[in-house]
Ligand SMILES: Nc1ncnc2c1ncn2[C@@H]1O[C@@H]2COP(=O)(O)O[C@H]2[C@H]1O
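Next up is one chain by itself, shown in structure tokens, the form predicted alone.
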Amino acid sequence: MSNFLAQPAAPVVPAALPETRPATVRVLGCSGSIARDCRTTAFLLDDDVLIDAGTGVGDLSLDELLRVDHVLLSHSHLDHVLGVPLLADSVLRRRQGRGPIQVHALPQTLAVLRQHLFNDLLWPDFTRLPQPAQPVLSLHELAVGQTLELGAQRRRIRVLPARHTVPAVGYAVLGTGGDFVYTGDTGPNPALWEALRGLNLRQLVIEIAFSEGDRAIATDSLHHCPSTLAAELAQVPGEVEVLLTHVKPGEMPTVLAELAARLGPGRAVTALRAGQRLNLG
């Protein structure tokens, strides 16, 4: 009789997991509008997840654009979304077999994209091209408080509340060495600080769009100016690295001086610059 059943079972080899490397964020754009060397908001997490898609996306090479598999949008304003249709157009012919680029945003933001952008009037509907069954873009709803796992490295990303003139969110990239937070466009926002209480905050990218002379505009548009941002930063522990984004072109020296005067010597802040790379640990 065969003794096949008596043979020891072959060892079970677990499937190989992707090698996890420390997360990095490349600052593609961090300006509140455009001018020479000023690119609007876009951050590249690792090499395959975009957080917002402003004009800074245009600094990526075609090969780098092709590696983007996910786009996280904070809100529907043009300076944060205009890279999405152009990205789709650039990689349309090269993504065959890779599946669509997944665009993640609030339902209200996706509704704006469908109605006002991908409407075959302002831009072709790339959620149906090159074929409805195999589009280059797909749209995915998210909600405040949700935690996503995205990208080849399966980064954990939490959706944070923002307070802006349209429905908006921020994002936290959760890491073992500390958490990276991008507030999105927001004015004073108690809900944000409540959401951050349970996080191990390491780096905070927070917007400040206007100088103090434009405080009325900042208030109406739900952006920060030095006085409102200084009040918000009083809630941030001193060891947290604070990085400023979304300052309007030409306003940086004034904004930094006015903010420093209100913060005092115990709270250092740094202005982001396009091309900068942040190591998240």
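Owing to the predicted nature of the structure, the values given are computational and were not obtained by experimental measurement. Residue numbers here begin at 1 and follow the sequence given.
Not pictured, yet referred to below: the form predicted together with the named molecule.
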Answer key: of 26, 248, 39, 70, within 4.5 Å of the named molecule in the predicted bound form (heavy atoms) is 248
The named molecule isn't shown here, but in the predicted bound form which of 164, 155, 104, 95 has a heavy atom within 4.5 Å of it? 164
So in the predicted bound form, does any heavy atom of residue 118 sit within 4.5 Å of the named molecule? no
Any chance residue 79 has a heavy atom within 4.5 Å of the named molecule in the predicted bound form? yes
Does the 4.5 Å heavy atom contact test between residue 126 and the named molecule in the predicted bound form come out positive? no
Is residue 32 close to the named molecule in the predicted bound form, meaning a heavy atom pair under 4.5 Å apart or at it? yes
Mind telling me which stretch in 49-57, 234-242, 220-228, 250-258 gets its heavy atoms within 4.5 Å of the named molecule in the predicted bound form? 220-228
